[in-house]
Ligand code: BES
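A single chain comes next, written as structure tokens; it is the form predicted alone.
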């Protein structure tokens, strides 16, 4: 197995562009600033940018790339990356611009790169630089780690951010965030035979082994002692035993009674159980633990930033397999909370293990909950593969989550949880069914989770459509995206405030 990524050294420098001792300089250009950029840079570029604008080869559109050779500069190449209209250059756009340009540098085999902080857009200097540093780490990701031949693997070794602002701390934070996101992407990409529940628990606990975090891995006997019948019911069909990972963080100076609880779905492979999924595309179901990896990576970054809060991450982990002891459609399981569930679809297993996980997080003192899960195909029907669905109560807490996502540059959309939807959960023989059918499928799944969250704010992020990229983009390879990690970090920052 090859290293899935390398973390480049990142420094901040006030050096002029011409004097930057790098192989390649990235210059961001807003669409409405392209003419000005041509006038400013075409001396050393011999009018290359001007000619590209006249030909329509480069216009400064979002993530558009143009490469030129500067004369008299220490760098042998300049990459201009488009940002689109300046008023649209927010967090998501800056991150994508920086990743796209850094990927171009990798393809050109330029190991030492620099970013010229010339296009402020809508964000302050520290926010911009944090995003750029994060993006340079993300751009160094390689998902072909199990290939037996190295091929054309090449990583950026050094990145310099050229700015007059004092933003070294922001660059360090962004670098660490990028590393946490990449580590989560590695886990999400891992095949099910490599990442069993026990292996995931150990690797996730290792990922979270930073100052301020304590880790506890509960085995199947301890899970049974907690009467987690939903988690155990899903695990019955697998030869691999389940695990429950519990991470707790106490930041410096954290006071008060509020505790942020992050709960992630950890299905390391999902066949659908006896309600077997179609063969076509089932290989993708190795990503069904993306929510679990995300909350672990987020808590790691929260601890690295030493945010003055108390927080925890709870991740129930198991496979969903159709073994001889598997839960059957029609079986009744009893949750740790005491609620009984008629299982009419074993492929609606994520909400079952999250039910026990949410209950446990509340028992451990979480006052505010956020769960993250690749939960339903229904959310993909509703929102496609671009937007994460957010559900929760009360509304001010949901609003906090959506504002955090906006700051993080990630797309979410609030979905309703009207009481009438609960009618679909009714069972004739138990407290509720686990799968009420196709109508409003993502909403009824959230309504099911709501039964286990107790009192206090709770939000659910359904990432079934956004956790995996089916096609490679200039800013994202095919595979795990690491979505919502940044949003959870922003939630924690708001929590600290």
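Positions refer to the first chain, counted from 1. This is a predicted model, so every value here is computed, not measured.
The same protein also has a form predicted together with this ligand, omitted here; what follows describes it.
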Problem set entry | The unique member of 250, 339, 378, 217 whose heavy atoms fall within 4.5 Å of this ligand in the predicted bound form | 378
Problem set entry | in the predicted bound form, the residue from 422, 277, 112, 74 that sits within 4.5 Å of this ligand by heavy atoms | 277
Problem set entry | residue 284, heavy atom within 4.5 angstroms of this ligand in the predicted bound form | yes
Exercise. So in the predicted bound form, does residue 464 come within 4.5 Å of this ligand, heavy atom to heavy atom?
Worked result: yes
Exercise. Contact between residue 319 and this ligand in the predicted bound form at 4.5 Å, heavy atoms?
Worked result: no
Problem set entry | residue 371: touches this ligand in the predicted bound form, heavy atom cutoff 4.5 angstroms | no
Seminar exercise, completed: Note: this ligand not shown here; in the predicted bound form, the stretch from 188-196, 85-93, 263-271, 357-365 having heavy atoms within 4.5 Å of it is 263-271
Exercise. Can you name the residues of 286-304 that have a non-hydrogen atom within 4.5 angstroms of this ligand in the predicted bound form?
Worked result: 288
